[in-house]
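Heads up, the chain below is alone and in the form predicted alone; it's given as structure tokens.
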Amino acid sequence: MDVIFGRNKEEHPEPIKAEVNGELPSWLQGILLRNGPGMHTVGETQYNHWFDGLALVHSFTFKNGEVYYRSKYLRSDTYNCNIEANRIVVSEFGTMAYPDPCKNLFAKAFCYLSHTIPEFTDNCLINIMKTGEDYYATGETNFIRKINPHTLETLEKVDYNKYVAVNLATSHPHYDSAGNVLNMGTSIVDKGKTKYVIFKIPSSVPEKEKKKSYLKHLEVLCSIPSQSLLHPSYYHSFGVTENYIIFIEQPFKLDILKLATAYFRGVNWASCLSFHKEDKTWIHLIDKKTKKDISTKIYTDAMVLFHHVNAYEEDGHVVVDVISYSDNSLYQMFYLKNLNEDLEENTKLTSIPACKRFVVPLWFDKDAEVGTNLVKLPSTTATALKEKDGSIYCQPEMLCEGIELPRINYDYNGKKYRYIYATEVRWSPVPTKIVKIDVLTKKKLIWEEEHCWPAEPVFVPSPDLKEEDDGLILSSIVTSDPRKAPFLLILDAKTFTEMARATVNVDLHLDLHGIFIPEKDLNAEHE
């Protein structure tokens, strides 16, 4: 499996023409931009965890029926420092890096002290974010890196902390109908008040400030105090509806005191995260108008979740669809020592991902008896039981099991929708199929091929879209058989039949997330 996980990938900064088999629709013009770890060894040193690898951004450009591939390592400060030293000198979440052993005692002591409030990495390897006319590689720290979507050149480094007091931020922002970015981060050093901060970055700025960062106009919408000042929740994404922002505060928690002493104790930051299976999971609904969390306490059982699928409002209820786990075994799976040639047979998750639907009533009879199910939607088996103290205990409906990396037609984000596109995983963390789930009928369409590991499927809407699933699915396919070339797969989203594949004779890396940028959203001056 080192073909896929362990070996460093070469970058291809100049465009490579792919061999297209099949027919691409003439309207498919633009760039599929993807991000993920590509380098796990620097000199004699190796990262411990697959999610720690240096960011390799790659793209598939569609132009007049042809497809061009290119890839380039993100030239982050982290990348430059590591390459210059020919060893890992910047710490990542699962790998703690230490100073040169030849350093004197004073330098070492200073180094230890400076890590009590971690200076996090700018190795932004998870996703791509659009802000106005700009595109950024993102991770989960307070740093993002601007990139040129045409050339993949790394541009300026942006520190969220200059505009909003956060130390961590999600790599899964949301975009409203006007193109404004909604995101959230955790503030862990603001006068001892650990909190979650929700903020907005505008989609446009005054003409005279076009050359400056859109982040200068960032607006803090609200903040939510952490249930525990020293143990904030880890979260990878959140949800939005027309009137609400949904934040799920899970008992997968970061221990701030352990974080502050991790470097001194010789352990990685990941060891400061732990799952408290006896605790509750709190569901926060933040009203966009009042900018306040609704007063009713809403909770469910302990769970770990990374990806929200979608959320929407229906007849006085908020419906929230997520992919959840009963423990945190997924992260453990991706330590490189576990990703060996026996991975598919021997590496088993102790909790498979489950797509669950939670339903929260917005209005209900305050005099309802304890134990009453307050959900009045006939289309779901999810329940919300009134508790003695007035809080609401939610139990979900199981939509399906074994899917991850969910995507939807983003035009339906925050609205009632019908289709989920995802990769299928079972007891192994490796995706082997692409699936389309109809959440109404629970029917499933599948694409699979031997020795193929598909990336997150991206939905691209048809320009004459009439139904939710009118469009294409794009997924880059890594092959576990070295004799089979990797390719970009293009499926008809409605029928899941293959329209085309664009084969590239390169060592394609397994990526994480990305976006499709239509030609109209590409700034010609970047080309």
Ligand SMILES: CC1=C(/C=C/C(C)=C/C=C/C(C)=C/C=C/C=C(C)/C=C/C=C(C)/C=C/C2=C(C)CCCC2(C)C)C(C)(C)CCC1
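Remember, predicted model here, so these are calculated numbers, not experimental data. Numbers for residues come from their place in the sequence shown, where the first is 1.
Another form exists, predicted together with the named molecule; not displayed. Remarks below refer to it.
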key: Interface stretch in the model of the complex with the named molecule - options 77-85, 213-221, 363-371, 233-241, non-hydrogen atom within 4.5 Å   = 233-241
Every residue of 140, 269 and 307 near the named molecule in the model of the complex, heavy atom within 4.5 Å = yes
query = Does residue 16 reach the named molecule in the model of the complex if we count a contact as any heavy atom within 4.5 Å?
reply = no
ask   = Should residue 420 be counted as a contact of the named molecule in the model of the complex, where contact means heavy atoms within 4.5 Å?
value = no
inquiry  = Contact with the named molecule in the model of the complex for residue 125, defined as at least one heavy atom pair within 4.5 Å: yes or no?
reply    = yes
Exercise: residue 431 in contact with the named molecule in the model of the complex, heavy atom 4.5 Å = yes
request  = Identify, from the list 504, 510, 517, 24, the residue with a heavy atom within 4.5 Å of the named molecule in the model of the complex.
outcome  = 510
note = Contact with the named molecule in the model of the complex, heavy atom within 4.5 Å, among 196, 199, 334, 160 goes to 334
ask   = Of 163-184, which residues get within 4.5 Å of the named molecule in the model of the complex if you count heavy atoms?
value = 167, 168
